[in-house]
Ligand SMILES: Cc1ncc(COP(=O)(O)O)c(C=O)c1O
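Just the one chain here, the form predicted alone, laid out as structure tokens.
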């Protein structure tokens, strides 16, 4: 029996007649009988077309940090829409949003807006290449930086057993339609492995323009950096004159107001932000500092977008970041997220299930398997069948994490202690059911 009720199934049939596979993103498709169709969201919950309410731990894959339909964001967006949204010039709300974002990430000496995380990482790579005069980008296995060709290699969508030796990793292409020549511009290494990173730089430093890194893995269990790892990446980039790019599409404004730079204390040269910046509205930004910013400002490095900095997006960003800056949302997220992480690990211990909870209270994952998880190659030890069965059991009980364990659970400021109690009960019942 699938997850869809009668009306949800009818709506999904309509979507299949109008959209490819009934979805606008491949990550939203769960199969013909399980793909949800959502009617609306409210706070920390969503409702499907049958009126079933779910505690939402997907939150749009991370953007919704205050809660669905947050009043301050809704009001700001409505006012902006009434004043006209897109102009061929800089507008007031764009400036106001940029100012509040600059205050939140003081290391950044300048930003520009874009619309999506993919755009932000794409522009970040171009700026780094233009600044260094080099072409190759180094990324870490299991990390996802958007859907442009230069980064769709060795992401969390790939079986890690195909990555080859740690000493000579294979950059595995994720999608058809990418020219084979693109592979020559990408190098991959395991996350949390400074020796592997140093080895690539010793052999190819004259080619490498940049290292792009999710400070914690946003599509692979929320794997955290080992102590000293990000500092080591920073030092290697400095030694070999490469640009360090933080992909903060998921961590930015979520794990701290200043994102990963504030949380981990390591400063990049360029960073890409999106998702939680706008509480669900499509807004992103590229931030830079120092000589890189100067080179960008002088022109000749293409970066543009008709809708970049539009009124609705800017208003959403201003309202969201201003509310986050009060600190109150983070306090609630910390309390709820910490309770969930500790409760989930306790239930695993109580039922003698090998596993752990990885990440931080705002963004964490449940790994079902033995041993420490340091990089994406460790994902081969995860029991994905058991996890998926548990998640579907939770969804039937009104709690909705993503059934793909690689995608973290996200917490918003509208989640409550009552949600925690309901979630832990649903998790334990679903786990017991799956183990029987």
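The shown structure was predicted, so the numbers you read here are calculated from the model rather than taken from an experiment. Residue numbers count along the first chain shown, from 1.
Unshown form predicted together with the named molecule; subsequent notes refer to it.
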- Report whether the minimum heavy atom distance between residue 249 and the named molecule in the predicted complex is within 4.5 Å. yes
- Task: Determine whether any heavy atom of residue 261 comes within 4.5 Å of a heavy atom of the named molecule in the predicted complex, and answer yes or no.
- Result: no
- Message: Quick check on residue 118: any heavy atom within 4.5 Å of the named molecule in the predicted complex?
- Response: yes
- Query: Taking 4.5 angstroms as the cut-off for heavy atoms, does residue 144 touch the named molecule in the predicted complex?
  - Reply: yes
- Task: Have a look at 91, 219, 332, 132 for me and say which one sits with a heavy atom within 4.5 Å of the named molecule in the predicted complex.
- Result: 219
- Testing 145-153, 72-80, 308-316, 95-103 against the named molecule in the predicted complex with a 4.5 Å heavy atom criterion leaves exactly one stretch, namely 145-153
- Could you list the residues in 177-216 that come within 4.5 Å of the named molecule in the predicted complex, counting only heavy atoms and keeping sequence order? 214
